[in-house]
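Next up is one chain by itself, shown in structure tokens, the form predicted on its own.
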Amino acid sequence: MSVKKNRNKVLMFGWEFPPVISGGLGVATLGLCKALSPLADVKMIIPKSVPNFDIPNIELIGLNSFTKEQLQDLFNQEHEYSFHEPKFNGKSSYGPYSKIPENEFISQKFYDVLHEDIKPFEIDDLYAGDVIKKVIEFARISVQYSLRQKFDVIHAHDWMTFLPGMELKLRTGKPLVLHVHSTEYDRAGEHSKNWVYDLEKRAMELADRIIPVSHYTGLICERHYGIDRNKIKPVHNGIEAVKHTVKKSPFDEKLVIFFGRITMQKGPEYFVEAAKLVLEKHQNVKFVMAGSGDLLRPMIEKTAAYGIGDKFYFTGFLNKVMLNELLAVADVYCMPSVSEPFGLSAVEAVQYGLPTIISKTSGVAEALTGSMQIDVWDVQKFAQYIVAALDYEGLKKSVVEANNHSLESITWENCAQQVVDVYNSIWEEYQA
């Protein structure tokens, strides 16, 4: 019988990891790893590591660093390679950021990849090209490597890493913890029952614990994936404290900002609709939509059709330095997401003293209770809140003060301790 561990040896799987990131997933994975390091021994396996990028007390393994000879040695140690091929239904699409053609079948893809010759794992862009193949190759190699490691618990971040987590659970009997930062339900809605959804569901069913990044996401796991609520343990993300300087804006107008992927999930059309209403009464405002995505061009066309194109800046993707420059001169932050598991960008805005307007369908609404919260479809109220945040200093001050108080508990240290508590709850259950 397993016993409770004082210091867990954690085998962790991630897809994004700084400096190779595309969004919040990599930032969150790094934040948790750094905060976990005093509490557990963490070996992090990722697709791509960068030379000389080290995290104190974290053993970082990038599959791209294995040579052909090293891979052959790994696979030669086990003469007959086997893999519990999941049987998924439906055609494939992938997330979290875009889609691939829906003509790839998971069973055929498994067969093709698992019978290829062993070769070095090469990946330039995590989400470009044949992502399904990359995900399966990642699982194939990382499982073979991991079977020769010592660990107490398997911890996998989002669907791209669920395959090795499931396989190792089946082959070693070690407990599996899934960290759910985003779901296919968030990305594509409840009618998208494709193989990514099926993978998520089967992994959740197999897992010992599921850590969604909010109670909101936990309810999605329960209601839309049919998962037992007793093994769902929500843990809010944290954020690193930053020192910032609010700068004088170079613009005469007030600046209202939106940043993130410009996709259906993030609700950019509601931001444009609200801006149109604001500008009917308040001309001294400009709006910034920072980010890229499949709805970028439609949003540009929409502002032109409304005759407000001169009031919008579309910046494209901004790196961290440029984003901080934007936050330093902005007046109001908006996050009208249709479905947002957490929403670290809202917390970043709070760190810069910005009043925040966020959707009720977001995890961060649980943590930033002082924010102005909207139903995304209610663009009238959305517009009213923007005007109020711009014009009423007392309201702005109360929102900022309430959110600053909330920041005290939104730390990676709190997050890491709660994750360790989740690990320990597994050992306590095994002892019972």
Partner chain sequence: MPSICFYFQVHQPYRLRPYTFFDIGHNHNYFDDQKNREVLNKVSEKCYLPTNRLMLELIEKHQGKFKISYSISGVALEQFEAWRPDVLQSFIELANTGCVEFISETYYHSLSYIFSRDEFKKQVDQHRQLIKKYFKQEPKIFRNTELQYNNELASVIEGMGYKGIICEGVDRLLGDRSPNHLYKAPNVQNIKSLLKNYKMSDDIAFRFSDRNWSEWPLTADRYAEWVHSIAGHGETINLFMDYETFGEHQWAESGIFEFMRYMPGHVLKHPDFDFKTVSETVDAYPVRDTYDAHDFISWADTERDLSAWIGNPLQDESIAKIYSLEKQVYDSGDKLFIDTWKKMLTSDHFYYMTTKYWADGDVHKYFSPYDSPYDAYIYFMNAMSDLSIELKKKPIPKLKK
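Residue numbers count along the first chain shown, from 1. What you see is a predicted model; the values in this text were computed from it and never measured.
There is also a form predicted in complex with its partner chain; it is not shown, and the following applies to it.
Not displayed here, its partner chain is approached by Gly370 to within 4.5 Å at the level of heavy atoms in the predicted bound form. The shortest heavy atom separation between Lys381 and its partner chain in the predicted bound form is within 4.5 Å. The closest non-hydrogen atom of Ile46 lies beyond 4.5 Å of its partner chain in the predicted bound form. Using a 4.5 Å cutoff between non-hydrogen atoms, Phe53 does not count as a contact of its partner chain in the predicted bound form.
Only one of Glu69, Glu59, Glu366, Glu401 comes within 4.5 Å of its partner chain in the predicted bound form through a heavy atom, and that residue is Glu401. The partner is absent here; in the predicted bound form, the one residue of Val27, Val387, Ala35, Leu407 having a heavy atom within 4.5 Å of its partner chain is Val387. Checking 116-124, 221-229, 275-283, 248-256 against its partner chain in the predicted bound form, the stretch whose residues place heavy atoms within 4.5 Å of it is 275-283. Residues of 389-419 lying near its partner chain in the predicted bound form, listed in sequence order, are Tyr392, Glu393, Gly394, Leu395, Lys397, Ser398, Val399, Glu401, Ala402, the criterion being any heavy atom within 4.5 Å.
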